[in-house]
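Shown below, as structure tokens, is a lone chain in the form predicted alone; questions about how it binds or moves come after it.
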């Protein structure tokens, strides 16, 4: 979508949530007078005007948030604030969503990074802490939890990095189509799993993980930070609906099928999922079941990526626990999952 700077407007009104007020420029949505509900347009609002004077941007207060506390959010008042129209009048939402696509990639990458950090802390703690005559990492139940977290972390990294590669190669039509369909999938699924992951990793440290005294409570901070990536740039329902929009175009669905094809023949449960995916898309292509579709497509893509990038033990354990059966709680891997190998692969250097 092309971006052009249009005519200048003055904005008047109150904005209840205004992200990063310390920045030099902002994109905001506002109604153009006389256009009614159809006049919601996108504007470029600079902090400093071309003549060097400050724009009229009155910060009313800073928000007290659950997490993301180092990044200010505020409540502001516009009083004849100068801003320039971006794109076409009345097309503000499509314009700003197109610009926010890259940030959805950031949400998936950021959550994957936080998962890896939380896992590394859990692995280090359990390798050092002893209980009942053994190190925690040697206890069977803890092994299962850590191995399961390692699986989740690797799958999240595989999907977010695959999406990043699609963004980097959008000159290729196949990659452009993949970026279109993988963006809502990765944003939805990885960020949804992030909060559950952080809670389980924090639990590996027991009460130590829950304490934030003296700024040392990194697992607790990670836990508070996780939900913001799910909420920013379109929460879960928005992502599920965006996936529906993407899959209604036949070329996007074909690009997805092409991406999954190399994984065929490597695991029976994954083969069945790939074979039934067209039916799933048709059956769940409704607003009421869009989240189910987003979950199933995400798991299928993650499994297909692990088939190409991970050892067979990792790929097999993921398919057994996420595709062959529904994964409802961490630490429920089957007896043949090879938890020692999974933990060894995930251990920080």
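Please read these numbers as outputs of a predicted model, since none were measured by experiment. Numbering follows the first chain given and starts at 1.
What comes next is about the form predicted in complex with a small molecule, which is not displayed.
Checking 316 to 324, 300 to 308, 44 to 52, 65 to 73 against the small molecule in the predicted complex, the stretch whose residues place heavy atoms within 4.5 Å of it is 65 to 73.
When the small molecule is considered in the predicted complex, residue 237 lines it closely, a heavy atom lying within 4.5 Å.
Under a 4.5 angstroms non-hydrogen atom cutoff, the small molecule in the predicted complex has residue 19 among its neighbouring residues.
Taking the partner from elsewhere, residue 233 is found to have a heavy atom lying within 4.5 Å of the small molecule in the predicted complex. Among heavy atoms of residue 241, some come within 4.5 Å of the small molecule in the predicted complex.
When the small molecule is considered in the predicted complex, only one residue from 137, 274, 228, 247 comes within 4.5 Å through any heavy atom, namely 228.
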